[in-house]
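One chain comes next, on its own, written as structure tokens: the form predicted alone.
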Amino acid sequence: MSKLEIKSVSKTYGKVENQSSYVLKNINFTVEEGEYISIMGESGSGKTTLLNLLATLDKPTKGSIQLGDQSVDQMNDSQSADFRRDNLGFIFQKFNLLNIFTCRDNILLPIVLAKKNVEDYTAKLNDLSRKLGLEDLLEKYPYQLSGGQQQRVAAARALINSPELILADEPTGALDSSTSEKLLDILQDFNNSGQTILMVTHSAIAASHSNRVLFIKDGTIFNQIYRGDMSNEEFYTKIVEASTLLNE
């Protein structure tokens, strides 16, 4: 079943010699429920712009974006804010945790903003804390944690509200290789449990944990490859080969 549909999406900024400057051009793809997709491309290729459109932080110049039965591109600012809060989970490269709050309060922040009863999420918080190894860190503050620990707290915050879609923007970019691998294993485990994930990354290693990789070049989808029955190591090799073609 389709979770997300992107149809004929284009994005322009300003004018260049009386012509629109396209950042994205006629993007089309569908994300199935439970899929784990990576988006790769060089800096300036348009992948971050695409993520911002999916996150309702920007609007397409043309085309439509549909999450379930909701037309994302038709929402006003207030509706977009409610949509992000109720349907999306975000994992950022720089964590975006609030140092004035404990880790527990950071994780529960989406619940508070949604004006839901925090007590109703005690079991979910305990379950996430166990899976992410955060049981002994909940009463600490983000500035007391390592980068890897902070990213695990950010992952718990993204998952606490059982979002329709996880959007991850270079989630391993600020982590060392060992910590990156642990986070990627965690995301893969949640995907195996049915969580839909869309991740922007420069890393072929990170992308090798996903089910499908979309390559963006000059604002268009240049290529896509599927994992199929390949292991992470085999898929990594395939991604590296495809990345070489992307850079030619």
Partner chain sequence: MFLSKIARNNIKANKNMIIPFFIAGSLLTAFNFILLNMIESNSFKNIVSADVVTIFLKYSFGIILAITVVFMFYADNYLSQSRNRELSLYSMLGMNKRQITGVITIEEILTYIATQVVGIFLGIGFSKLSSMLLFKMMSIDMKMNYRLSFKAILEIIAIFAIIYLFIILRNSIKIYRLNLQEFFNSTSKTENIKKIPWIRGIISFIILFTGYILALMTKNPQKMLPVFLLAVGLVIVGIFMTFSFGSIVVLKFLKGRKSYYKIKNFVMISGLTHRLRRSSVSLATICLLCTATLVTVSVTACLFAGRNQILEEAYPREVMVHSDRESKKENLSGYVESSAKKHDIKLKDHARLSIDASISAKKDENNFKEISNPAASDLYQFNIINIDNYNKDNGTNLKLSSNKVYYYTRNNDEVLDKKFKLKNNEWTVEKQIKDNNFLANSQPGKTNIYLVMNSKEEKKYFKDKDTFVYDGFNIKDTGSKKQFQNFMDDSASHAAGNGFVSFAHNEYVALNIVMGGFLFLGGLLAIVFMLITALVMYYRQLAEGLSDRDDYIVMNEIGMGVSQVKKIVQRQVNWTSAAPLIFSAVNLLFAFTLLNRLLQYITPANPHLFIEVTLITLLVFAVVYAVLSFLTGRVYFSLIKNNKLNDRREG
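Residue numbers count along the first chain shown, from 1. Here the structure is a predicted model, which means the values were calculated and not measured.
One more form of this protein, predicted together with the partner chain, exists but is not displayed; see below.
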property: Any non-hydrogen atom of Ala123 within 4.5 angstroms of the partner chain in the predicted bound form; result: no
property: Distance check, Asp176 to the partner chain in the predicted bound form, heavy atom within 4.5 Å; result: no
property: Contact flag, Asn52 vs the partner chain in the predicted bound form, heavy atom cut 4.5 Å; result: yes
property: Any non-hydrogen atom of Arg152 within 4.5 angstroms of the partner chain in the predicted bound form; result: no
property: Output flag, Lys182, Arg212 and Glu233 jointly within 4.5 Å of the partner chain in the predicted bound form, heavy atom basis; result: no
property: Within 4.5 Å of the partner chain in the predicted bound form: residues from 48 to 79 (heavy atom criterion); result: Thr48, Thr49, Asn52, Leu57, Asp58
